[in-house]
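Next up: the same protein chain in two forms, each one alone, written as structure tokens (structure 1, then structure 2).
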Structure 1
Amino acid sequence: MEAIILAGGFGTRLRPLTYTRAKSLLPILNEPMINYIVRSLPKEVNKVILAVNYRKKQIEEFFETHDCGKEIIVNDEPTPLGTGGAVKFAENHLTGKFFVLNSDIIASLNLEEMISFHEKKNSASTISLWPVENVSEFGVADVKDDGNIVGFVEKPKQEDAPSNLINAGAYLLEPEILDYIEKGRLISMEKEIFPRIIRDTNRFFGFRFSGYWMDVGRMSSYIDVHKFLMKRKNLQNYIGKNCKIKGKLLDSCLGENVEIRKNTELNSTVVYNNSIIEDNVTIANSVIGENCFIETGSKIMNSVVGDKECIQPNSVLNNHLRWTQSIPNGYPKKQIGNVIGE
């Protein structure tokens, strides 16, 4: 059985961190995000097809040096193809029913149970469903008691919503679904393909699960997922190897070889490898990239500092993205493709 992991996006909402690395390789508790997805795969899945475009070589190098116990195929998309186009582009590697998974979702979804549900319902397409409080921000599933989905309502008013369940970004599809997808162009499964499957098959089901679900698509959620996973591990902070800490940390994660000097305080902050933060610095709700140098007396709030940046003494950054270097060729100014909930 195969799983397609969608890992081709630029991650524009996570820039400048994604100027220098693939979004799927952004660390969460010092481990690449995509590892969490691969580890969640059931034993039935023996082949993983990575739909990539941006930073393909980085992703290849990671899996060449890290054995995950499954065959890995890096499927290089010539251009971004969206969820539907990426699935069609992987068609030659598929042998039967298959998963399609977003690389930026951290969740408690049990994929073994999803397979059992799919087979019991004789489903053509099964998608994961997650309950939300504010339905007006999402596409909401109109789902019957048996799990059959008969439509989606986009960003409804609370009183008009058919349920509180949204598309949670994991799909289990039968090969017949491939016939719905045109080859070679950017296609949204969610907007273009799913409505046709619902109309034609009456075998489009939703698998509800509980526990946790986090879409790590924005900087706020990227910081939040660190705090959430640390809490699950009963850790106040997560600290990598060879760190030197003379300041104070709260709800923060440090990579390897990080220095935190005297009278410096970090709160809800992620610091990547090999960065130095000097004396009397305050940082909160922020991310500091690799090989950064934050000089004394600086205050950084709700900000992101890209790799290899130097922050001058007594600087104040608030709601700021710090990047003084060149932007990679071809990196878009806005998001390409579709967000799962849309």
Structure 2
Amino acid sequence: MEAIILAGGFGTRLRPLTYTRAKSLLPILNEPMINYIVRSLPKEVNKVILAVNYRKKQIEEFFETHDCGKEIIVNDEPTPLGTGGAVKFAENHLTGKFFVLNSDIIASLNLEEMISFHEKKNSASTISLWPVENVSEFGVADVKDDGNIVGFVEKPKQEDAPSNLINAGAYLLEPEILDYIEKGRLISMEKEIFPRIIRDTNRFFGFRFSGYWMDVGRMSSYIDVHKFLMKRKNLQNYIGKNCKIKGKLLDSCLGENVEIRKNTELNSTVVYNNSIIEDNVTIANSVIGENCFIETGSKIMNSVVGDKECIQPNSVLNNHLRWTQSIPNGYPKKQIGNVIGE
């Protein structure tokens, strides 16, 4: 059985960190987020199709150097085809029912249980569902008590939403679903294909699960997921190899070879490999990229500093995305696929 992992997004909401790396390789507790998805795959899945385009080389390299025990196919879209187009583009590699998984989710979803549910319902298309308070940034399902989905709307206004149950970003699909997707164009699974399946079949089901679900595609949730996972591990901080720490840390995560000098305080902050934070610096609710140099006396709050940036002494950054280098060619100004209010 195959699983397609959708890993081709630009991750515009996580820039400037995604100017230099694929979104799905952004570390969570120092491990690429895509690895959490790969580890959650059940034994039935023997082949993983990575649907990639932007920064595909990095993703390919990661799997070349980290054996996950499954066959890996890197399926490179010539241009971004959207969540639906990417699935159609993987058609030749599929042999039966298959999973489609967003790569920016950390959840306790049990895919084995999802297969059982799908089979019991004789479903053509099963999507995982999770309840949230504010649905407007997600796809929302209109679900009957038996799990049958009779309506789906991507990023509705809160008042127009049919329920509080959102698409949690994991699908189990029968091959017949591929007939609903046209070849070779940018096409959104959520906006175009799901409504078509609902219209034409009554075999579209929602699978609810318990535990936790977090979307890590936004900066605030990216920091929150670190805190959440540290709490589960009973850790106050998470520290990579060879770090030198003289300052104070709370709810923070450091990559490898990070230096935190004296009288410096970090709170709810993630620092990537090889960065140096000089003395008398305060950082809160922020992410500092790789090979950064944060000079003495600086205050950084609710901000993101991209790789290889240097912050001058006594700087104040508040709600700031720091990037002084060139933006990669073709990187979009805003989210292109499943945009809110499009």
Ligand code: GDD
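Note that the rigid core is defined as the largest set of C-alphas that superpose within 1.5 Å between two forms. Since the structure is predicted, the reported quantities are computational estimates derived from the model, not experimental observations. Structure 1 provides the reference sequence; residues are numbered from 1 along it.
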item: Pair member that is the form predicted together with the named molecule; value: 2
item: Large Cα shift (2 Å or above) at residue 98 between structures 1 and 2, core-fitted; value: no
item: Core fit, then residue 136 C-alpha moves 2 Å or more between structures 1 and 2; value: yes
item: Residue shift check between structures 1 and 2, rigid core fit, residue 152 Cα at least 2 Å; value: yes
